[in-house]
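In structure tokens, one chain follows: the form predicted alone.
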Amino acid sequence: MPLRTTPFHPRTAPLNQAQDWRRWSGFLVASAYELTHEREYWAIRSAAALLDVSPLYKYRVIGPDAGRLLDRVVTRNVAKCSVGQVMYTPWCDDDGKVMDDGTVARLGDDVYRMTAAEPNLRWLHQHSRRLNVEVADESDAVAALAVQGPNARAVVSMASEQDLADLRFFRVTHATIAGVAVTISRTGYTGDLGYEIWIPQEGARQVWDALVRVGKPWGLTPAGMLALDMARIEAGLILIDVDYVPARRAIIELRKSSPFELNLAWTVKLDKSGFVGRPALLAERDRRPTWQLRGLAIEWESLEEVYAEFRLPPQVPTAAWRVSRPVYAMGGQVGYATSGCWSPLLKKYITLAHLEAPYAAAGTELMVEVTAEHRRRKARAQVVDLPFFYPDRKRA
């Protein structure tokens, strides 16, 4: 199947100086627009960044039983989701293992939009039997942009000619930008103040142009996936196929993870009945999970010692990595890191890691495998609670 382009490609392609693209759900998206991604990263953290997030799968769930269907398949209590509210949630198989994660936005009394990283239309249809509900795949019909960073509110407010100061965290509102009817949610994948704009495909480029025009004085900068990857690691946000394997594709049980093992216990509402995976999750809660997802901060002094062996200064990655790296305690392996980066803002080398529960407490001293001069070595690291970065402006 040939790679597709998003509705914003006529705008993003001329900006991509190195024509550096990557795949996302069968679409071409920019890795970085400039020759390096540093300025795009700093736009997220100090000004405002504009990201094309159209490849997300989007499902419109409509009807008197729309809420009941979603409550059957996700771990959050959708019955408590008010109109104009957005919920982040995973969903599980019968064994309580995570299949995917995304958001549920209640756009009206009987109207919801569900976003996902992977195709889930068949899954929703399978659980909609005997319910008065319609599920429509609007992945192609709806484009999406994220405006993220300290100046995001100013940019989106000016573009929509609407004061967004009262739009609370994980809420959604209807608006118009450049004559195009859109919905704006106070959500994002950067751990910063941010908004996501959901746009009819035919009006996508009008909205892009309007945002770029009003955003220029605020430092609005198109940003690609390399900058986004660093920001989401700082925010402690997991990525499917990197930080966890979706249950439907795991070929052995050891590769599957429950919400409890992914630091998502807060999303599991066991007081509601009848959702997929509930019996297994009840049993796991009682016996406690054997794994935990945590953050690791690698000690700089330890990195210096590793590289001093080769008479070199410490070397840190310029971009986020997505490979498995063993984590050790007292000589034995007790986990593995899944993604990490040097945080330019925090001035720390950080990773997300799956750890055996006895070694997952904050402050625990561990060792992470690093490579120096093509040789495997171990650097000291400390377990920290996630997120690494959580500014007050995110929710203020």
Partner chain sequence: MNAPYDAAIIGAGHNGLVTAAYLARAGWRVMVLEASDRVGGATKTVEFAPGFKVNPGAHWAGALDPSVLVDLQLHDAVTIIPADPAVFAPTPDGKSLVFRSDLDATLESIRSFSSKDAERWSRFNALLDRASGLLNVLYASPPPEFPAVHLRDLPTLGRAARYLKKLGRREMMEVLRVLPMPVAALLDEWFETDVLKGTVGASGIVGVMQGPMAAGTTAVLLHHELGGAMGSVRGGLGELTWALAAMVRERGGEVRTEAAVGEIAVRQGIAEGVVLEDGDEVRAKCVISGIDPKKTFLDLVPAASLGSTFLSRVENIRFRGACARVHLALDGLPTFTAAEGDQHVLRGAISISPSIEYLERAYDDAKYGAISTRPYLEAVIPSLVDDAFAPAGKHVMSVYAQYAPYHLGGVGWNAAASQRLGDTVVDTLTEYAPDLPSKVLHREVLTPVDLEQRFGVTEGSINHGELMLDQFFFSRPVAGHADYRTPIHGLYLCGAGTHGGGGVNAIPGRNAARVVLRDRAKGWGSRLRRQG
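As the structure is a prediction and not an experimental result, all values here were calculated from the model. Numbering follows the first chain given and starts at 1.
Below: the form predicted together with its partner chain, not depicted.
The partner is absent here; in the predicted complex, the one residue of E161, D94, D109, D209 having a heavy atom within 4.5 Å of its partner chain is D94.
V276 is the sole member of L296, V147, V276, I238 with a non-hydrogen atom lying within 4.5 angstroms of its partner chain in the predicted complex. Contact with its partner chain in the predicted complex, defined as a heavy atom within 4.5 Å, is made by all three of R72, W123 and R129. Of the candidate stretches 214-222, 287-295, 129-137, 185-193, only 129-137 has residues with heavy atoms within 4.5 Å of its partner chain in the predicted complex.
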